[in-house]
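Have a look below at one chain only, the form predicted alone, in structure tokens format.
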Amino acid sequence: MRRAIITGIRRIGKEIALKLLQEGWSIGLVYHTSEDVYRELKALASDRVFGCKSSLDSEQEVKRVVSELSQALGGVDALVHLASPYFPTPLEELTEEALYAHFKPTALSFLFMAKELKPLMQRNKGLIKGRLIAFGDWATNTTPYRNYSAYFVSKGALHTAVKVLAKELAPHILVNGIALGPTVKPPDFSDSKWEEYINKTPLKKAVSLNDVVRLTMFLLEVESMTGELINLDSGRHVSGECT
């Protein structure tokens, strides 16, 4: 039985968790404000779902989370990292607190989770002993939009961490990322703003949740790809600048 830790389970993470359970995985769920989602998933397969509440805002928190969940799971084969705060930070109003509120759960936690998982995954059998998947943002490396400076700086660090860790953990642990485009409407977007955003994609539609799940499953099986950031954005990255 394969075992995965998933961080961030409110929306996309929940769909990935459901698919992993369907495929027979055991999962450790890291949540901050989504205890209701954890309990819903736990009710589906109590013997294969474990949870840990954490803000992932320090190295010590990361160590605790990895220790608790790896013991509950009996080891770890994969990490799927979706945890990512998202709220506007206009440059004129940017504070150190707001920057770290994004950076720590998004980038710092991924780096230190990799550090903690490395020796655990190296105990696994087979040539490929583990896989790490980070969820980034299509706009980070192309056209970041205004008023979300802390978010994009944090996602930029996450994208870099994918490449750095791919080298650090090779050849037995693979590290890849998915740079998502518009998938689920952010809570601060009105319906009209969301529709406008969707219409900027060449495909004129939101990213399919099914596609997100399928791509995640592919990366959990792939054996000859590491250090890759895949745009899954309805073609948004070729549309040009956005504000």
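If you're wondering where the values come from, they're calculated on a predicted model, not measured in any experiment. The first residue of the sequence shown is number 1, and the count goes up from there.
As for the form predicted together with a small molecule, it is not shown, yet the points below apply to it.
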query: Quick check: do Gly8, Ile12 and Thr33 each get a heavy atom within 4.5 Å of the small molecule in the model of the complex?
result: yes
- line: Partner contact check in the model of the complex: of 88-96, 116-124, 165-173, 75-83, the stretch with a heavy atom within 4.5 Å of the small molecule is 75-83
Val184, heavy atom within 4.5 angstroms of the small molecule in the model of the complex: yes
query: Heavy atom to heavy atom, is Leu180 within 4.5 Å of the small molecule in the model of the complex?
result: yes
query: Using heavy atoms and a 4.5 Å limit, would one call Ser54 a contact residue for the small molecule in the model of the complex?
result: yes
query: Applying a 4.5 Å heavy atom distance criterion, does Phe110 contact the small molecule in the model of the complex?
result: no
